[in-house]
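The chain below stands alone and is given in structure tokens; this is the form predicted alone.
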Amino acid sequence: MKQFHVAVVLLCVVLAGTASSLAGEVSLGRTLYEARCVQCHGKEGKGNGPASTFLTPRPRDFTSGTFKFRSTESGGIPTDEDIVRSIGNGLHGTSMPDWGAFVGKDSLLALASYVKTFSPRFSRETPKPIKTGPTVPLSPASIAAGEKVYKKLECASCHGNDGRCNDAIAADFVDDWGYKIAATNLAEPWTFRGGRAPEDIYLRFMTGIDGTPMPSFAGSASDREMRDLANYVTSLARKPAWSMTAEELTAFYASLDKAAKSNPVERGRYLASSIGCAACHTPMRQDGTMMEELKFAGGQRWDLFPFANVVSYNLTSDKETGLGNWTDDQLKAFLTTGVRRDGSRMIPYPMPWPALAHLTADDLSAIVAYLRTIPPVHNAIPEPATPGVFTYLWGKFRVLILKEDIPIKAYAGNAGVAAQKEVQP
């Protein structure tokens, strides 16, 4: 009986130590998360941090327990190793860096433990790793067999016949959260977020990419077929730009220009995203997050002392308060010369029209074409408020004579007058 009591006491000590260790790990993970991750993933792990709206694809929403890159069955939660791998290796082709280069293994494990606390799924479900078959060496025979599987599973519908998406039947994709995403260009393996090795690609076929239209093919193809398919996808890789000759680079960029001209709206979408138009033409909340319901509808206010107090323009296609009644020429002049429709000229910041003046004619037309596609949002923008003469001269004196930096202050909230139905409480 005494031995039984001793065993119980020892078990309690072990369990208490384990619980204490786990609590310490989660605590360290919280500290690391709040220092490095909240800007993108948000304090509550919902994928809505201040930087989230500017990123494509959007940061992961941890609260749903849905993870794209796993070694587990479709629809299941990932293993700890899966989460550590994504954090440590990063997700190529996205804004998720390889944190393993900056923090140690213990910190990666702590971050994984804390990430799991955002979703109740981890407390009630057990990861179910998939069963994998033997590897198949990369060979011409396997590649040829994989090409047949590519056709059998109709991969070209999303990725195109050559894997580059150019002739894909399906093009407009959204994820489970309603955000626009694109099919992976299989010719650029350095952008494969889950890894570029045949084993990594094979896992994507087996597990699917949860939260996206990419399904699991387990049950739709044999294990051997998916191994051959992974080898075939590996063979589609084109030569990267950093390995090309001058002649190859010239031809490569000429092909990109040709593709851009064939789809000006998509080119304009890319340019608007790269330039960061939404960053200024969408009002921000107090916590720095973007008011999604007013994206591109303007209303962000700045105090540009001593020059003016301005509010960003509504870039949506609304005819009353946006660009709906602007001509293409008026829009181009606005973007490249800063000249408004009334003939007045904006100062060269924060609207960077001197930089946009260097856009090619095709790119400028592409941006205009894209702006035309933005759905109308009613948000009346007030005219800039210019300072009095004394305030202006005193400000110029401070900048030019006293060499003070120009203070630029941004205000939270929408400074425009939006239609009631557009603004969420």
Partner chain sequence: MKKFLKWAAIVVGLLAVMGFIGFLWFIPPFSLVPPAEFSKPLIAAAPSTSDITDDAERMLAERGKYILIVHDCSGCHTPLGDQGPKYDEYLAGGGKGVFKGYGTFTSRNLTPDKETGLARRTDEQVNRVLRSGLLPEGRIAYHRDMPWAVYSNWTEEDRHAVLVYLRHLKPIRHNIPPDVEGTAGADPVALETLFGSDNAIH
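Positions refer to the first chain, counted from 1. Note that the rigid core is defined as the largest set of C-alphas that superpose within 1.5 Å between two forms. These numbers come from a predicted model, not from an experiment.
The next section is about a form of this same protein that is not shown, the form predicted in complex with its partner chain.
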Item to check | Contact flag, T135 vs its partner chain in the predicted bound form, heavy atom cut 4.5 Å | outcome: no
Next on the checklist: Under a 4.5 Å heavy atom criterion, is P376 part of the interface with its partner chain in the predicted bound form?
Outcome noted: no
Next on the checklist: Although the partner isn't part of this model, could you tell me whether L256 comes within 4.5 Å of its partner chain in the predicted bound form, counting any heavy atom of the residue?
Outcome noted: yes
Checklist entry - How about N314: is it within 4.5 Å of its partner chain in the predicted bound form, going by heavy atoms? => result no
Checklist entry - in the predicted bound form, which of 61-69, 37-45, 23-31, 368-376 comes within 4.5 Å of its partner chain (heavy atoms)? => result 37-45
Next on the checklist: Is it true that K116, G211 and F296, all three, sit within 4.5 Å of its partner chain in the predicted bound form, judged by heavy atoms?
Outcome noted: no
Next on the checklist: Considering non-hydrogen atoms and a 4.5 Å limit, which listed residue (T337, N166, S262, S139) is close to its partner chain in the predicted bound form?
Outcome noted: T337
Next on the checklist: Quick check on this chain: which one of P97, G104, G75, G324 has a heavy atom within 4.5 Å of its partner chain in the predicted bound form?
Outcome noted: P97
Checklist entry - Using a 4.5 Å cut-off on heavy atoms, what residues in 367-402 are near its partner chain in the predicted bound form? => result V389, Y392, L393, K396, F397, L400, I401
Checklist entry - Would the C-alpha of A361 be classed as shifted by 2 Å or more between this form and the one not shown after rigid-core alignment? => result no
